[in-house]
Ligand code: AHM
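Next up: just one chain, as structure tokens, the form predicted alone.
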Amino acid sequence: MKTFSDYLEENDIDYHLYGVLNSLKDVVKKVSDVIKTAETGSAGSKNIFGEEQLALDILADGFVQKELQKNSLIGIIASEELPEEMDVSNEETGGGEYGVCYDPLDGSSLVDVNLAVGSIFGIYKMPNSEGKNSFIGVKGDEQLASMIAVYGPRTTIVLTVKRGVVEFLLDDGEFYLVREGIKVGGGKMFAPGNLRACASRKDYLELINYWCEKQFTLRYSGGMVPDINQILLKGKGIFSYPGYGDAPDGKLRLLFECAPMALLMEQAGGAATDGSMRILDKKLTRLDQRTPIFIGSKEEVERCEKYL
């Protein structure tokens, strides 16, 4: 069977990008191990978005930071758990040419009830298109690769290096390729986030009612990684998260969550928009930038745009 490294080599991935991706693969192994026994309670602190941090969030972020800082190819990192970008360039080697943004443990509040959670990673070349060693100013389309890790009954990685989407399974300490050419088309499955918006947005309530009346299958876990992973692997469906009221842009972050997911989905033949604009065309103006997102099959994304 092909390993993670075999796949990168066979696709002639740039040697330096190969090194960055292998570091992320190693991070996933460590996080997969630690969440099995780690404390799931509150850490008594909040992240930059004002959200309560769990001890597991901080622990996972520490593992990612430590691993990425060891890689001299990486010059800058940004995490959902950090207040600002972190320069990790190595002066002895002239600094790193890649930037990695990540959500170390998406859906961490689900760990204590033993539901699947995950990690999200996006990789950019630095300096960015504006000539800066920063994520500020980048668009999701500039990503060289993105990947998610799913920690459930099995630990898997779903990856794109802009040559389609593939899945790897962790088995006896190694990630093996188990699925290639992942595609998303039409199909009756929906994962409706932010249902509280229905109280003030009749258009969203009407859209939810449409999916129910047409007998779509509800598949929503409360975690973006497992929900998007299901759409990718089942090859159908829609994940929706609109804004409303005091949160017109919703709560999901463009850099850490939506842009990496959008790259995966488009590479699988699906789509991702904020209701009117392609997610991958949105320029990052601040690290905490949020965006509504409708992501999945093209048909259902278009339906979201029509209704909302």
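Each residue number is its position in the shown sequence, starting from 1. Remember, it's a predicted structure, so these values are computed and weren't measured experimentally.
One more form of this protein, predicted in complex with the ligand, exists but is not displayed; see below.
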Quiz prompt | the ligand contact in the predicted complex: Gly75, any heavy atom under 4.5 Å | solution = no
Self-check item: 4.5 Å heavy atom contact, Ala268 and the ligand in the predicted complex
Solution: no
Quiz item: Any chance Arg253 has a heavy atom within 4.5 Å of the ligand in the predicted complex?
Solution: yes
Quiz item: Taking 4.5 angstroms as the cut-off for heavy atoms, does Arg196 touch the ligand in the predicted complex?
Solution: yes
Quiz item: So which of Ser119, Thr160, Ser108, Gln143 gets a non-hydrogen atom within 4.5 Å of the ligand in the predicted complex?
Solution: Ser108
Quiz item: Between the options Val165, Ile148, Ile123, Met224, which residue brings a heavy atom to within 4.5 Å of the ligand in the predicted complex?
Solution: Met224
Practice problem: Work out which of the listed stretches, 126-134, 98-106, 201-209, 165-173, brings a heavy atom within 4.5 angstroms of the ligand in the predicted complex. | Solution: 98-106
Self-check item: the ligand in the predicted complex - contacting residues of 56-88, heavy atom within 4.5 Å
Solution: Glu80
